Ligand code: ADP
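Quick setup: one chain, the form predicted alone, written in structure tokens, and binding and motion questions come after.
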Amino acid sequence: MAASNSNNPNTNPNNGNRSQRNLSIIYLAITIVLIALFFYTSAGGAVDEVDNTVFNKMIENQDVKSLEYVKKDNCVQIYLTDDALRKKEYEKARKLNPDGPHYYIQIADYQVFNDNLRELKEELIESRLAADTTLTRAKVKDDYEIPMKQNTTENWMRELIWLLPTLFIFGFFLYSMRAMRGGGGGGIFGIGKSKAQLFDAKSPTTVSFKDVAGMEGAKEEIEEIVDFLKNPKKYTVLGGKIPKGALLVGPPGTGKTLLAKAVAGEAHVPFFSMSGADFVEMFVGVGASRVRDLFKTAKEKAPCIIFIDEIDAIGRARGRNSLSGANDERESTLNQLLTEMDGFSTNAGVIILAATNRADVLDSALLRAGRFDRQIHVELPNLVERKGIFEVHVRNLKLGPDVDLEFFAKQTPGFSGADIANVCNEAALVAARKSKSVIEKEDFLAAIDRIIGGLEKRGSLITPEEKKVIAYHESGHASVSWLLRYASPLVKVTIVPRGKSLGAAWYLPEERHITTYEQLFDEMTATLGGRAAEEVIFGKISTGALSDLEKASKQAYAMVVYYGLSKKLGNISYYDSTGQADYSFSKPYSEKTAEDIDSEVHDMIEAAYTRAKDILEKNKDKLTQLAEILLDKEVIFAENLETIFGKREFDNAKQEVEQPKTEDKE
């Protein structure tokens, strides 16, 4: 599944939120200014407070230039002379507040302070006259003359700053209201308005069905709905009715949302797009209100399509996990959605499309006919579909002559459309990193390796002993899988660390719809081949098989509990496709059965492990030869195994089954 990206400014949600961001910046700037003013004015404009002793010393040293009485604060601010500011003890005042006031002294009464200052001056004058008889009183008195100003005005800024908490709360309230309504109009009463995006003739989408590869069955059903909107008489003349809704179900990345975009581009009718999470809000009743507003707007523009992405956000089955006590709002939203889709009133001309990868958790009332008449399964693409997806994504890429899209499609089993899109983009980045003019085959292979195994970490510090263990471990996987009939054939093995793995092996699994016990058991045996090789060669095992053991344990448990492939338990499956078991505190089987399950899983894994060891014991020399090549080259391919072990006989047998010989009949 692929689509060419569109940068249509009309459909860009960032444009709609630009005014909201600007308003947020204004609120933030105002808040910062008010806080700065608060701290500035609260300091009183002074550096520090001094006591009477220090103040008297300043007067005696003739360091004071002027004084200012501030009635409101009942203090006297002190301004120092230029000569005083050059002194070391006043360095702090000079740096922090060079223009003054430099200090302040707190007083009890202005008149008392003035009298004490006058007495201090007289004492200093008399002391200097006694020490130096050549001085005159007028000259000495001028030295201690200090101007005194009185400031009886109120500081309106400091009064205003006390409104900061109120203004901040009010601004935050306004911002919250705008955020909850998504930047749209309506003020506080716009919280319950729908936030759906509208695509119509004024704001079209450029995605069409040509941009969607694979999903042929899903496209056919969706195209029928689009055709009904374009040519309704073709169906109504026979008495048919348009489906009320279609639910797109499938794994993540398979193209459900992309398919909806193609519908929006092909239908040529108003298309409302909304996420299931957009209905959820912290206020009670908002979700139901948005559902009502959405359908009201849709009815006015009928015929139209409503698309709800990730509908499981509001469509989960009611009554589950009821102990949490937090489902009332979600359930009321779901109830309103059920009523609008198929309630007492009719929604003629309104089609509902929805997408989810969790259809098992949806409410049964939502899935019934009359609401979602069709469930369209969008599965992972097969070989042919993967090739088509590659073709869509390489349209704008400069490819080299050695690029074979069918080969890449075979190398990517289990990849979704999003994964393939990532492969193509990563291949372009790899080629650009190497300054190539075109994208070559090796760039695509490097991109596939990076997506599957992670980024190479050649700088990792691995000791020679560890590297040898890793080489034999990976060679064990490769050898066992090559010698087993139903194990996936090898593509490549490397001992270069990638991601969290110290080594990695790539296999090409067969694409099949049903799997037998023999096939699963062969795969499990190959999975345990790495640990078996460690024991066969070194006589001891390591922790490097953690992921292998996890995979084998889960596979054996599924074979016993889900698929009924255990002889002891028989044809019994404890799998719950409804998902109800996820909310149950008890298992659907007894303790005795649980013991039997544990015993069967253990025996199955041990049998596979013993089988892997026996295979490697018989081919120990070939295993060693393969590991030595891997240690030398750090990477081996299927050709290396074919040289050592010979061709796989099973591949020829499969080809004979797929292409049976024809007999001449006389």
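In this text, residue numbers run from 1 along the sequence as written. Source: prediction; values computed, not measured.
Beyond the structure shown, there is the form predicted together with the ligand, which is absent from this document and is the topic of what follows.
The closest heavy atom approach of residue 440 to the ligand in the predicted bound form falls outside 4.5 Å. Although the partner is absent here, residue 291 lies well away from the ligand in the predicted bound form, with no heavy atom inside 4.5 Å. When the ligand is considered in the predicted bound form, residue 532 lies well away from it, no heavy atom lying within 4.5 Å. Interface residue remark: residue 417 is counted as part of the site for the ligand in the predicted bound form, having a heavy atom within 4.5 Å. Heavy atoms within 4.5 Å of the ligand in the predicted bound form are found in one stretch of 225 to 233, 387 to 395, 90 to 98, 130 to 138, which is 387 to 395.
With the partner omitted from this view, the residue of 333, 525, 254, 412 that lies near the ligand in the predicted bound form is 254 [heavy atom within 4.5 Å]. Exactly one listed residue, out of 211, 426, 329, 548, brings a non-hydrogen atom to within 4.5 Å of the ligand in the predicted bound form: 211.
Using a 4.5 Å cut-off to the ligand in the predicted bound form, each of 215, 258 and 421 places a heavy atom inside that distance.
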